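Single chain ahead, written as structure tokens, the form predicted on its own.
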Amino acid sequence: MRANTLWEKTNRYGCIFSYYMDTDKKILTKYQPYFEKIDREVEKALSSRISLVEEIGGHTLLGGGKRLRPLFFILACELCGLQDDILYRISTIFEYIHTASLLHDDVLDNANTRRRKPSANHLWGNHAAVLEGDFLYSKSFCVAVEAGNVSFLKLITDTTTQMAEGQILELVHTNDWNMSKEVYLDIINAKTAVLISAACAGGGILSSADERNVHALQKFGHLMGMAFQMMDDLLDYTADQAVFGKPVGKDIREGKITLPLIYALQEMSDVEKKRIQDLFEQQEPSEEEYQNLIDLVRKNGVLERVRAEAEKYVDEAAFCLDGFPASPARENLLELNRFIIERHH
């Protein structure tokens, strides 16, 4: 299959067929032993004297998610020569923080689904979802303290601070039809890339790697994280809901102006851009009008342009690991880095 065949099919049919999900599964199945250990630790740390905390936590944490962030942390530790079962407990930090941010995101977005099932706020209400997110953030800090490393703890606290700033920045720019690419990159850096970067750098810190290697891992995770979110935003316009786990076009329905739409707007005349902006700002668009805008984004090579930029981030990320000796951990990180732009959900 030629490299662009998938994207040609995406443009022609407007979705990625569900059977492409098998490709993702084949890649991730290799890491199943890691995922099983991570899942055991995630479930252990969810205990609470409040049954509702465990119920919502079980729904949000145990019923889906790729566990990539904990996996990046474990592999970064292995890359730096550290292997210990306690690392699997520490790895849960990155899943708790990620899930907490999703809980808060879904409240802000009034989302009804997450990972192909009803969202926590849809089932238990906004108040419960926000408090569950707060609980998971607190749990992540408790586990971080157990690591007994001040530099690692500072990394975690700095990361969550930046993520909160990213959520606020995105909120400020909701329905901002004039949002620049620079602001978009700032948002995805804070909301997504900093956590993946912290997972990789955290593995270096706890392994007592030298400053140069920690910096290399931090940059590797940052670049990979930027590509990850770009692809997520691209898939929002292309993927099948049954595969992607949320409605196609979810972002624009929530007023999120992401890179595919930014580029599509740049291709329009001022008159056309103003017509669409007025339509979406002055009334509730119909389903047909949403679909017309989604179809517009799929045209004119916009999706290919976004994917090409994501691929540049992935290629640059791979260079960050050149200073590390050949090892299974290095090959696994490089494979997962490539998976970022080849995934279908």
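This is a predicted model, so every value here is computed, not measured. Numbering starts at 1 and follows the sequence shown.
We do not show the form predicted together with ligand FPP, though everything after this point is about it.
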*According to a 4.5 angstroms non-hydrogen atom cut-off, is residue 192 in contact with ligand FPP in the model of the complex?*
yes
*Answer for residue 183 alone: is it within 4.5 Å of ligand FPP in the model of the complex, judged on heavy atom distances?*
no
*Spell out, yes or no, whether the shortest heavy atom distance between residue 232 and ligand FPP in the model of the complex is within 4.5 Å.*
yes
*asked:* in the model of the complex, does residue 263 come within 4.5 Å of ligand FPP, counting heavy atoms only?
replied: no
*Heavy atom contact within 4.5 Å of ligand FPP in the model of the complex, the stretch among 107-115, 79-87, 271-279, 219-227*: 107-115
_in the model of the complex, the one of 149, 126, 174, 167 near ligand FPP [non-hydrogen atom within 4.5 angstroms]_ = 167
*asked:* Just to be sure I understand the contacts: of 214, 206, 102, 257, which is the one whose heavy atoms reach within 4.5 angstroms of ligand FPP in the model of the complex?
replied: 102
*Between 128-163 and ligand FPP in the model of the complex, list the residues on our side with a heavy atom within 4.5 Å.*
137, 160, 163
